[in-house]
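To begin, one chain is listed below as structure tokens, in the form predicted on its own.
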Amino acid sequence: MRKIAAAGFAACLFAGPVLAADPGVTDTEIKIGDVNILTGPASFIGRAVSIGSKIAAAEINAAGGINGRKIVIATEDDGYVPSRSFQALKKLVESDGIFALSGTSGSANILAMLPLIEENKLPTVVTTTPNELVYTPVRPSVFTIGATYQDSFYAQVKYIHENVRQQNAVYGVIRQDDEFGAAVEGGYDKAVKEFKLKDGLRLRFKRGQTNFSAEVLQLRAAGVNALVNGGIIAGAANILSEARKLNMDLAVASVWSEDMPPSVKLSQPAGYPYILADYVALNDAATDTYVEKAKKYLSADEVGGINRYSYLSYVGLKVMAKAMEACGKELTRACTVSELRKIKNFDTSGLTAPISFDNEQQLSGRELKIYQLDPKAGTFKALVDFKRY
């Protein structure tokens, strides 16, 4: 018996270590997590994110998957509430056993999830919330696509200063009293200092506020005629509506969420040709090609829900797939993170600037295009092509 036991032990030694697969990987599947806004006023954003991931996964799977493994998306709703984001990711990690994370919800939401991401060393590509707090300090397994809110509003205020309000300009900002709002004001503040602009007024509001009559009266009293509008969707539209009631002549800088059809529809009645800066393409050949390709995998209703967030989640999952594919059959989280760091000039077919993560911040796609709304037609025209700010 001793000889048999010894022989068995020796056989184990010579066979080498047995490698346990990372969670979320089987012989046939790779499970990718998605924490998203599927209920509440901002649910069309989460829906668009899910649509983009669905298209990318369908394309990848139709081409044979990742070294023979199909991508499966596991989605949890957080309702845009940070505490729910944490619990949603906890479920995806502990119950669903995801391998990596793609959907990451809003700014405060991804910040709430970061401890779990770091603890589990989850390969994560952030596409919807490129807040500086996500990658400062750098989290080893977190990769971010997109310009910062700071860069976006700096670019817009620079454009307004140089092209729209060159004389007698008084600038003002109204923004949410949270991490997102602080980032908006950060871009405003940088431009005010660099260009020595007249800083008329800075206002904050709580997330979910709907009545802005008092705030807009304060803006008018301060003589603001160049406004950084840090409201989102209904909030942004309500601010513009109040300004129109007072017949304020405004040049307006906006959050990139305001280029989505539901946002445009809400803001159109105010009639302001607001501008915005975005790190994705709008209304051009790249987006037209994307939509045509999407029709193979989506219902007509889903195609109608495509917007900027769909382009971004599509690009994010494609980049993740590129890294996973490079790992071969022995797919691990550590290998995927290592391969993501090597990504350089990944072609997104014009949906964004090429993606490169081979930098200390693991940040890419920071180039911005500046657009202006035609409030009558509800469409945007490009004012400045992709440029780094």
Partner chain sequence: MDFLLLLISAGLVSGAAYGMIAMGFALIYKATGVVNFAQGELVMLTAYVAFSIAGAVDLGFWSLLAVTVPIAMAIGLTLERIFIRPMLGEPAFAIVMVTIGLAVILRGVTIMIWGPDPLDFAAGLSREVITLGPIPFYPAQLYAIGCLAILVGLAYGFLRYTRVGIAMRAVAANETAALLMGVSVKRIHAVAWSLSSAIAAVAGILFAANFKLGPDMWFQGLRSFPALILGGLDSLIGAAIGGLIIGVVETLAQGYLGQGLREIAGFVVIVVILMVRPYGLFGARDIERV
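Residue numbers count along the first chain shown, from 1. Since the structure is predicted, the reported quantities are computational estimates derived from the model, not experimental observations.
This protein has a second form, the form predicted in complex with its partner chain, left out of what is shown; the following refers to that one.
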Sole residue of 338, 26, 361, 43 within 4.5 Å of its partner chain in the predicted bound form, by heavy atom: 43
Sort through 242, 189, 132, 302 and report the residue having a heavy atom within 4.5 Å of its partner chain in the predicted bound form. 242
Are all three residues 217, 237 and 262 in contact with its partner chain in the predicted bound form, where contact means a non-hydrogen atom within 4.5 Å? yes
Can any non-hydrogen atom of residue 221 be found within 4.5 angstroms of its partner chain in the predicted bound form? yes
Is residue 213 near its partner chain? Define near as a heavy atom within 4.5 Å, in the predicted bound form. yes
Any non-hydrogen atom of residue 204 within 4.5 angstroms of its partner chain in the predicted bound form: yes
Contact flag, residue 69 vs its partner chain in the predicted bound form, heavy atom cut 4.5 Å: no
Pick from 196-204, 124-132, 289-297, 275-283: which stretch has non-hydrogen atoms within 4.5 Å of its partner chain in the predicted bound form? 196-204
